[in-house]
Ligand code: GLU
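Next up: a single chain in structure tokens, the form predicted on its own.
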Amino acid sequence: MIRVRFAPSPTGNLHIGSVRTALFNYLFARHHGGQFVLRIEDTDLERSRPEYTADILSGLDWLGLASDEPPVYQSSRRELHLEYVEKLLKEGRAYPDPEGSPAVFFRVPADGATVIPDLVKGGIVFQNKDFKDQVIRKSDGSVTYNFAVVLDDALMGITHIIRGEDHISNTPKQIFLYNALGFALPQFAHIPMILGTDRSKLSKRHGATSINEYKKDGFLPEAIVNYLALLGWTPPDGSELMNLTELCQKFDLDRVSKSNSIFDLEKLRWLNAQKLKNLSLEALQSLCPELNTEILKVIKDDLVLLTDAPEKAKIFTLHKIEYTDEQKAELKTASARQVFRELQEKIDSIYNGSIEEQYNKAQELIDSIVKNTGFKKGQVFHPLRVALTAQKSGPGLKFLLVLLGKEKVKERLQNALGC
């Protein structure tokens, strides 16, 4: 059975690049009916923090990338790691530090070449003579990263190691250890890096904040998963909008690019807007329980981020709106004032019946004002929108008239006439 792992270090929050690695592992496992497991590599005692572990776990949970087993903590395997150091010492494949420290060095093969049969990059060849003997136990008594990773991957039965291409230089060193320890080699797949729009290493200035920051900013987990899947992988049918189930069905390593990917925050925002539009009203209401359902229905298609919802809804609840000088000048025109007075005279007629009936009556009233005044639609719609919202765009006028309610509409029309 295929078995893959995501192995973050809790020395910082969970970021975009790490999530993409976790996602590719998850999708590969699910596509092939395999297992996805999580290993927390917390052996850096100085920099590892429990709050970072919590951030990693909560971020993966929010994204729906659940491990099939409880997380394995690398620090709990220290004694096991040291047993294998002793094994290599006894076999003469490793030797103590000649200077007398507790460090132990592994004897790297001096001749020949090591080939990584990479599932993404193809065959990558390294000359063994280019490598020095490597430390496997440091002078402080702890084992090194490469040694711990090999042991844990082998003993946890990991069959495929899918990780960023920045690990390619570690791979031959790890292959030496697999061979020396008598473990079967896993298959390696090194995925392309994610770069900023200026093609430099992804950083905070490109929008590469932690995943939980994206959550606070109003991104949906479905949007982040969908977007990151497309960074370095192309679906066979060219789809852009996919849910996690569809991604699992379509994903495989043979369509992963060899080239680096560009992180585009605007594309992520666009995709998030599409996901919000596709949400059911019930699902959106559960995410914004403090907002009126009818208002949510009206503003839903204008949302880019979930956090936009309270701001978009605010226009319906403000006690007072302020007009700019330019807007005041527009509200003072004779045509605008005629429109406001027409509406004032007939506004009471729309507020009875079901909400849909009120919308219909509001639309009929707006249409009748256009007909009675002989004005172009823009001469009616635009000043009315400014009078009611002090904005150039937003929900349709029929929705504004009904959801603002009779008293607010009258009050705002009176304010407009008072300019």
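Just count from 1 along the sequence shown to find any residue number. Here the structure is a predicted model, which is why all the values come from computation and not from measurement.
Same protein, other form: the form predicted in complex with the ligand, not shown, and the subject of what follows.
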Report summary line: Interface check vs the ligand in the model of the complex: of Tyr323, Phe105, Phe131, Tyr145, the one with a heavy atom inside 4.5 Å is Tyr145
**Report entry** Selected contact from His167, Lys215, Lys300, Arg77, since only one has a non-hydrogen atom within 4.5 angstroms of the ligand in the model of the complex
**Finding:** His167
Requested in this report: Please run the contact check for Ala416 against the ligand in the model of the complex: heavy atoms, 4.5 angstroms, yes or no?
Outcome: no
Report task. Would you check, heavy atoms only and a 4.5 Å threshold, whether Glu364 touches the ligand in the model of the complex? Result -> no
Query raised in the report: Should Ser9 be counted as a contact of the ligand in the model of the complex, where contact means heavy atoms within 4.5 Å?
Result: yes
Requested in this report: Would you please decide whether Glu41 lies within 4.5 angstroms of the ligand in the model of the complex, comparing each non-hydrogen atom pair?
Outcome: yes
Query raised in the report: Pick from 107 to 115, 336 to 344, 159 to 167, 274 to 282: which stretch has non-hydrogen atoms within 4.5 Å of the ligand in the model of the complex?
Result: 159 to 167
